[in-house]
Ligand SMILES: NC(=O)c1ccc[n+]([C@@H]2O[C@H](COP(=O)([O-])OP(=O)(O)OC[C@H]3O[C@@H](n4cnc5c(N)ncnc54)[C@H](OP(=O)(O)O)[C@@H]3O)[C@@H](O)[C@H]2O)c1
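Just one chain follows, in the form predicted alone, and it is written as structure tokens.
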Amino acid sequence: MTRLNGKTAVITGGATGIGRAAAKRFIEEGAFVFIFGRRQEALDAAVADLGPNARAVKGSVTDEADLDRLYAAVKAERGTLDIVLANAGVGSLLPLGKITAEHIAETFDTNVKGLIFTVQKALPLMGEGGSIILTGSSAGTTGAPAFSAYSASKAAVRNLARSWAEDLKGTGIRVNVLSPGPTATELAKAAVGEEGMKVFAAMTPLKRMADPAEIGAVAAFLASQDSSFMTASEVAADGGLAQI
């Protein structure tokens, strides 16, 4: 398939998990992809795997200067930008009564503030036909014990897409949310552990966790013109977890 032939994409949190799987799918469909992440070793490994149509920029979405370097690199090599997958995110378990200011700051700085500036700083490079994809979560719809800060941050992401679709009227740029359910990534394992992953898998009607490649395939749909009449929408790729 070549649905993304000639397109340029940025994927934050692109070195591992859903971001890396999406980068692989985008490249298979013809895109040139810049992945952005905090760990140089993981970025290097990803680029070695993804091949010549991938570039890596090290940085954090919580640092505006790092984002400026990312988009400067995109502009220098490609000139314009067609797709942004704002995928970087963090999540950890703390129940009500034990939530700390540091926990809230880490969660919202990455999942909300970092996402906002990832998108805002991309806009000068984007134009008609551009696609912005925000990684949400089934947790933004459902409740989960000890996961309230993360869940609230993902509910905020859902509303950002609704509001930005209004802000982007007349630009030809679309913005949608991709909300995975339990997915077998490093982040999920770090957040809930092996036993927690088994619990979440059992909660879905499909009785398993998603492979990151399955989420990457949905991201490619939202990036392509196959979703050309979609904006402000949320696509749930959650094994039915938040749907019934």
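Throughout, we count residues from 1 along the sequence that is shown. Since the structure is predicted, the reported quantities are computational estimates derived from the model, not experimental observations.
What comes next is about the form predicted in complex with the named molecule, which is not displayed.
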Worksheet item: the named molecule isn't shown here, but in the model of the complex which of D211, E186, D68, D44 has a heavy atom within 4.5 Å of it?
Response: E186
Worksheet item: So which stretch, 70-78, 94-102, 133-141, 166-174, is the one near the named molecule in the model of the complex (non-hydrogen atoms, 4.5 Å)?
Response: 133-141
Worksheet item: A88: heavy atom within 4.5 Å of the named molecule in the model of the complex?
Response: yes
Worksheet item: Can you check whether V33 is within 4.5 Å of the named molecule in the model of the complex, heavy atom basis?
Response: no
Discussion item. Just checking whether G216 would be counted as a contact of the named molecule in the model of the complex - the rule being heavy atoms within 4.5 angstroms.
Written reply: no
Worksheet item: If you check in the model of the complex, is S233 within 4.5 Å of the named molecule, heavy atoms only?
Response: no
Worksheet item: Quick one: in the model of the complex, does every one of K7, P124 and A161 get a heavy atom within 4.5 Å of the named molecule?
Response: no
Item to complete: Output the sequence-ordered list of residues from 23-40 with at least one heavy atom within 4.5 Å of the named molecule in the model of the complex.
Response: F36, G37, R38, R39
